[in-house]
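What follows is one chain in structure tokens, specifically the form predicted alone.
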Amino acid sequence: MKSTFHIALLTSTFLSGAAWAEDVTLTIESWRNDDLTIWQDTIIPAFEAANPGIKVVFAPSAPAEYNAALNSKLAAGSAGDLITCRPFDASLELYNQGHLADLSGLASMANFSPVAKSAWQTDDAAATFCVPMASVIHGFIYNKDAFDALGIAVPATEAEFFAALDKIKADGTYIPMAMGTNDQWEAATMGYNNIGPNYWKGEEGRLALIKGEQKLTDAQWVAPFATLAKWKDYLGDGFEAQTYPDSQNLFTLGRAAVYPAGSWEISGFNTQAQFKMGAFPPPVAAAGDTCYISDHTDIAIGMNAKSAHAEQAKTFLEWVGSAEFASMYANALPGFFSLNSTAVEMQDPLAQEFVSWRGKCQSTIRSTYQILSRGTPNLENETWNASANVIKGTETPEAAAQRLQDGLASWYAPQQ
């Protein structure tokens, strides 16, 4: 009996050794084709060095084609082992269809806060299906040289913010603020959802809206529109026809002093701007008020539920959840901030400034992204249009808020 047991043990040990002797290759699906070299030159070599026997291939699609390409590969059974996840409903749909595995059991999930995980969970938070990688933070990037020349201090309150814009406008050298309303989305993303959390108290207001305890016509949801309406006087001539790339160019060419921003601009602005830049968080109503920032969950990575290499894929995902990966990714892509609870030392000064706000402000995510944009009319898209109209002066803050509320209530039960 004993010898038979030993032979069986030896055989199984030998077979498992043989199974691991051949390298396993994992393929990553992604829409971020702009960071291909970072994966190839930095991230993948670090993982492979620590995990002999597992090779990784980063195989991105063009951003606009990713959802369709991924869905057809999943349907055909040819998708990669690892799937880069967009936030909220697109990834939730993949999980509900059985394409993404439940990763709640990964040890590294303990390294992420509930807010960090919320973009890749079921509504009841029972299952988490992607490991959070990065968020983008909103605020304002400014031309330091312009502020120094005009003797303007970095504004902390709304009164100081508008006083600074008034001073820039009176001087006439610079357009006070670079933003257009032609493309609409930035009016909502870098306008309404940038300054709004200070009014609706971040997560408190966002979750109350989902539960139906607050309405978009409540004072704290109308007020940011009223503030946006005041921006009109500072955006320069012809802002109504100004596109998003136009605004980027106005700022990087040194023609505008302030840029309502997402942190994803950092890499591009660093390359293009010939002046010193700084950043400040959305101004609060009064000195000493609690500040809130849109620290928006943007990108994560999950596992194809039908991967033939589930164990190796989980090894990779545990590593993505580590402090080592967090530091490497955040510094390779300044402006895409780690969602890991371990603090990451940022090397880029502008990125350092943005991420420092997490230490003094409360983080929240864009109000329209979770649950509230599943129906028709789509609240996210309607907020783009409403924000642009309010800035242009073609719709009052109250009328815009009422229209959004009516649209949401038309299909969302808790708001009825």
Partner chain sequence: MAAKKPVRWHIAVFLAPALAVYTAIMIIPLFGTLNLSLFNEEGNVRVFVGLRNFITLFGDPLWSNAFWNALGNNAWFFLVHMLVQNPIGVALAAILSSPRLRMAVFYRTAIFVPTILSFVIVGFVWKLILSPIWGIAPGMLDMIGLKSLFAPWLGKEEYALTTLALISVWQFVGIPMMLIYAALLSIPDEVLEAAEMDGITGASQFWKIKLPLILPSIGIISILTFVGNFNAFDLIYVAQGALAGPDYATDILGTFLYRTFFGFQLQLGDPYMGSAIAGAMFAIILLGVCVYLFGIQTRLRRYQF
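Residue numbers count along the first chain shown, from 1. In this text the structure is predicted, and so the values were computed from the model without any measurement.
Quick note: we don't show the form predicted together with the partner chain, though the next part is all about it.
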item: The unique member of A219, A163, L253, A125 whose heavy atoms fall within 4.5 Å of the partner chain in the predicted complex; value: L253
item: Contact residue in the predicted complex, chosen from Q242, N111, S91, Q214 - any heavy atom within 4.5 Å of the partner chain; value: Q242
item: Any non-hydrogen atom of Y66 within 4.5 angstroms of the partner chain in the predicted complex; value: no
item: Proximity of T342 to the partner chain in the predicted complex, heavy atoms at 4.5 Å; value: no
item: Heavy atom of Q184 within 4.5 Å of the partner chain in the predicted complex; value: yes
item: Touches the partner chain in the predicted complex: N249 (any heavy atom, 4.5 Å); value: yes
item: Stretch from 54-62, 349-357, 369-377, 27-35 whose residues place a heavy atom within 4.5 Å of the partner chain in the predicted complex; value: 369-377
item: The partner chain in the predicted complex - contacting residues of 379-397, heavy atom within 4.5 Å; value: E380, N381, E382, W384, N385, N389, K392, T394
